[in-house]
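In structure tokens, one chain follows: the form predicted alone.
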Amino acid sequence: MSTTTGIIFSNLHDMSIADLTRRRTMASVPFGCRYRLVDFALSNMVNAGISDISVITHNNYRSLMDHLGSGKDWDLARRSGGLKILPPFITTNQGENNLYDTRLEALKNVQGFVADIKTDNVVLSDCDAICNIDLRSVIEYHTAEGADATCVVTRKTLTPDISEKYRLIYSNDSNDVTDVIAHPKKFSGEGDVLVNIWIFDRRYLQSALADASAHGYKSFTTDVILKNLGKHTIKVYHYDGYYASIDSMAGYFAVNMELLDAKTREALFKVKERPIYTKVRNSAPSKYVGGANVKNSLIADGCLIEGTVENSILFRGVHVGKGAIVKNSILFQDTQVLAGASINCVIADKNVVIRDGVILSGHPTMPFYIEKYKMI
């Protein structure tokens, strides 16, 4: 049986939702009432039997460390292997200190760590790949094919206005990758898009990183994948389950709202053999005071609801006051919507206070965002 190490990138797409990542990493962005985005990548690996997982950080990773802790909530608090945080390595370029910008640079910054890996395979995953995938099957396929690298793709219908957000993977009937087009402009139609999960043969990854360092390469797609098509065995694995990625504030809002659909929740959280784990917090049950009216919403523990909540997602400790109306909104931990306030299409970060009688409204394509600790 092959052995596998997992590596998760915590920061690569921070600028996609710059408002939410101003004080945290993409990995620690709250999602779906009680989770963080990193929980999906971590749980996918743990459910595949991977017990040696490292998270590459960039900056603003204090909240991520607080969430992950020792890794015990994912059964990763171990003497051998377990969960590791790989802090950023600052490189000097023309007198300036720079952190990495690309996936390949991130791997080069931890090249010493990668060089010491002894397992057969290495799984690379972005933290914002929201899916519940059977990684064990992907690894078994990768091993059976004798592949040097295997990428996970999903079929998606693209329109010209969104195609540039994806990487298109082309393959032949034998599932060999034949071409990769990063951020295609004005593409329309169906295509296989990268889920940002890769399985690498450990020796091939180590060799590719050494070559990239020697030549100053920066692009993972161009310099590691495209330049080696035909020289190495690079396969695709077709995944047909639920998949979403976060590429904007509107995208973050939309993906959270999809959780209000029972079918989406079942695809992500009701797979019996593959639960999604997160940090366990002991909170009192939510309390619904007389006159509270709640419809089609997800509400975490510890909330106090005295008003109306519709089509919304409330994290722990949220208070909706008497006569307040919350519709189509996402309220992070300990947010307060006081008596008589009315909000629609709002994303309120942690510890926000919306005062009595305030009326706020955004739009699904441009939700109204309130940053941490603000009082409005």
Partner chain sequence: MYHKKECVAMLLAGGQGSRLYTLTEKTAKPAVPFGGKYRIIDFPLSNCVNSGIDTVGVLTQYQPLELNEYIGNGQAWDLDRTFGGVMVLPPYQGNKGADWYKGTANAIYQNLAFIDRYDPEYVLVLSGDHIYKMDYAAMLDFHKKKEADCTIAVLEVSLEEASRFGIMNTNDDNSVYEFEEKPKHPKSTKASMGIYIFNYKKLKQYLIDDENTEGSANDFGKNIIPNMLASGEKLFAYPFSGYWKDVGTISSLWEANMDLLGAKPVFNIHDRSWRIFSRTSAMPAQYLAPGSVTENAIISEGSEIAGTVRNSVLFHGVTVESGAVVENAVVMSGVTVKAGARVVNTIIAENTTVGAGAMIGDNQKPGDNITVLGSDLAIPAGMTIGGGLLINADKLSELV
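Residue numbers count along the first chain shown, from 1. Since the model is a prediction, treat every value here as computed from it, not as a measurement.
In what follows, reference is made to the form predicted together with its partner chain, a form of this protein that is not presented.
The candidate spot formed by C33, R265 and K287 lies fully in contact with its partner chain in the predicted complex, as each residue has a heavy atom within 4.5 Å of it.
Of the candidate stretches 242-250, 211-219, 296-304, 225-233, only 296-304 has residues with heavy atoms within 4.5 Å of its partner chain in the predicted complex.
Checked against its partner chain in the predicted complex, the residues K84, K186, H183, K270 give one hit for a heavy atom within 4.5 Å, which is K270. This chain is drawn without its partner chain; in the predicted complex, the residue among S80, S174, T157, N282 with a heavy atom within 4.5 Å of it is N282. For the chain shown alone, T143 is not a contact residue for its partner chain in the predicted complex, no non-hydrogen atom being within 4.5 angstroms. By the criterion of a heavy atom within 4.5 Å, Y166 is excluded from the residues contacting its partner chain in the predicted complex.
Residue contact with its partner chain in the predicted complex: I162 places no heavy atom within 4.5 Å of it.
By the criterion of a heavy atom within 4.5 Å, V193 is excluded from the residues contacting its partner chain in the predicted complex.
Using a 4.5 Å cut-off on any heavy atom, the one residue of 323-341 that reaches its partner chain in the predicted complex is D334.
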